[in-house]
Structure formats: structure tokens, C-alpha cells
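Given next, in C-alpha cells, is a single chain: the form predicted on its own.
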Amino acid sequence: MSKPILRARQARVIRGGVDVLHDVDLELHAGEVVAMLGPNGAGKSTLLAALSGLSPLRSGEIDVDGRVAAALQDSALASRSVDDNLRAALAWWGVPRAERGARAAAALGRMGASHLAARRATSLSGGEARRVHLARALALEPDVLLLDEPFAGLDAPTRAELLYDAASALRDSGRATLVVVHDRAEAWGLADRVVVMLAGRVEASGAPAELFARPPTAEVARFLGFSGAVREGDYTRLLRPQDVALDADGDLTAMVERAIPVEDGARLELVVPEGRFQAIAPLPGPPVGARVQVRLLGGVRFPRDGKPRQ
């Protein structure tokens, strides 16, 4: 892999006497898109602020080979045309006047927003404003691009369309991009690498397929959707709903404790003497109190100390 464009070493941020970031190590390389996941309060936005120079470190260091641009959650578009908003950002960035029009037009085109150029920014819908917000950041052509939940607050269809367009627009062989995202589907759709933050620490980093299938610790697994647990001797087996199948020939008998209708069936809360887990069944699904046979198809096993079994 190429030399990192940005590197954080032992980065620590304290606010109100509380450690918000704990000795964070992170590298971003040219050409990669990295998605950052974590629960509310994990320190994701604080890390972006530190990487962009907006939040001072108590200790540690951040090295950057080039220029960093950050697009925070609030689009903060001025009450002028979309084109003027992009040109103003380019002027602030130091781009010569003669280049601003072409760079603004190219960035809007990459985000599928060329038709919005003459619109007043205050007339845009939420999804349109997000497209312009991303186009403004892309127009700067930074070496490192930091995005804080660019799809937040949008309805599902609008978010899906924006995610589809952003997946290609954000990829550039000369730029490193770090995107804080809301859920695993967004990370899967965008990223070459996923970083998981918990309680101010980077707890996991890896390719989406590998990380989502084999999380390194029980804490990361639970955050990534391994919400079921079954005791197996000295180990705990953590399970996602897709790791459990209703099967008349299955070797486990479970009781249905709860059934919740969802888009693709009924989500069953199942209980066995050794633990509890979830499964998806076709509607209407078995009733609460019913006993069903299940088969465990996967999951990850951890010993009592939370470290993965080798």
C-alpha cells in the first residue's frame, strides 16, 4: 500500500475533563474510501474535527501530506445560487477566478446536480442540499476529504439515490476519503475499508466483507449486529438473524418469545436454555409461545475475555 496521506498517532482529545478520543491511531491512503461506524457518542465527529485541525489535541500528533477539506453535517449553504456557493468556497480555497466556473460545474456534474446550478440554495430540498454540499467539497479537490454523515436526515429513497451517486463520485486515485456513516449498508456501499469506533477508541479496521463476517472482539460484533448469544462451553457464540434458520430437522428447540413484523417477514425473538437470538421467518411466522426447531448456520465464537478464538 502507498505511503499514507494522513496519519494520526496516539491522538487524544479532552473536553470538559473527559477523554473523548483515547490514543487513536489511523492512516488514510490515496485512492481509498474509508467508512467510519460507531454508536452516538463514540467520538466519530470529534475525530473528524481533530483530523481537519478544528479540534486541538491534548496529546499525540496528526501528519498530513497535502490539504484537508471537511464537510460537516450542516450543509450551511448561503442564500445565493448553488453555483455562487461553490464559487465562494473555491475562492476561499485560493482557486484562481478563471478556474472556478469549470471546477464548480464539474463537481456538480459528478454529483448529478448540474441542473441545480442556477437555483437559490434556500429553495433546495434536503436531498438536493446534500448533493450540493458534497459537490462543494469535491470541487476543492483536496488531498484528504472528510465527510461527517453526508446521508443523515434523508428519507430512504433519497438516501439510496445519493449513496449510489456518491459511491463513484467520492473515489479518486489521488485522494483519501474518510466518511462517517450511519449504518452498515452505507459503509458496505461506499468503502474499501471500514473503521469501527467505540467509546473514543478505534476498535476495528478492515475490508467490509471480512470485518462484518469476522469482527475482532465481542464488543465490535455486538455493535455490528451480532445481537444473539448462545453459551457453548467456555465460549459464547454471537449470532446475527441471518445466522439462524428455522429447520424442522434442526438440532435446537427454541421458544418464540416475541414476533415483530418487518419488511421481509417476521423477526422472531427465540429463547433456548443456553441463550437467546433472533431469526427471520416468512409471514405470518409461528405464534408467540410456540416451540420451533432451529439450526445455527454461522456466528462468531469468543472466550470469556472477549478475544476471538484462533
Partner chain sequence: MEFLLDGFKQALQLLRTGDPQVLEITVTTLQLAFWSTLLALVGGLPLGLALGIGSWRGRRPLLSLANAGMGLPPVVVGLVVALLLFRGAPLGNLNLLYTLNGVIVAQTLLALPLVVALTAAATQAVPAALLDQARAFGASSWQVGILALREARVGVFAATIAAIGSAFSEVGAVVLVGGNIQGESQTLASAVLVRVSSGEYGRAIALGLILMGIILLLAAILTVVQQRQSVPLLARSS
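Positions refer to the first chain, counted from 1. Not measured: the values here are computed from a predicted model.
Not on display, but discussed next: the form predicted together with its partner chain.
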_So if I measure heavy atom distances to its partner chain in the predicted complex, which of the stretches 161-169, 116-124, 212-220, 197-205 falls within 4.5 Å?_
116-124
*Distance check, W93 to its partner chain in the predicted complex, heavy atom within 4.5 Å*: yes
_Can you work out whether L72 and its partner chain are in contact in the predicted complex, taking contact to mean some heavy atom pair no more than 4.5 Å apart?_
yes
_Is A78 near its partner chain? Define near as a heavy atom within 4.5 Å, in the predicted complex._
yes
*Would A104 show up as a contact with its partner chain in the predicted complex if we use heavy atoms at 4.5 Å?*
no
*asked:* Can you work out which of V262, A248, V271, L54 has a heavy atom no more than 4.5 Å from its partner chain in the predicted complex?
replied: L54
_Partner-contacting position among V179, L239, L224, L140 - heavy atom within 4.5 Å of its partner chain in the predicted complex_ = L140
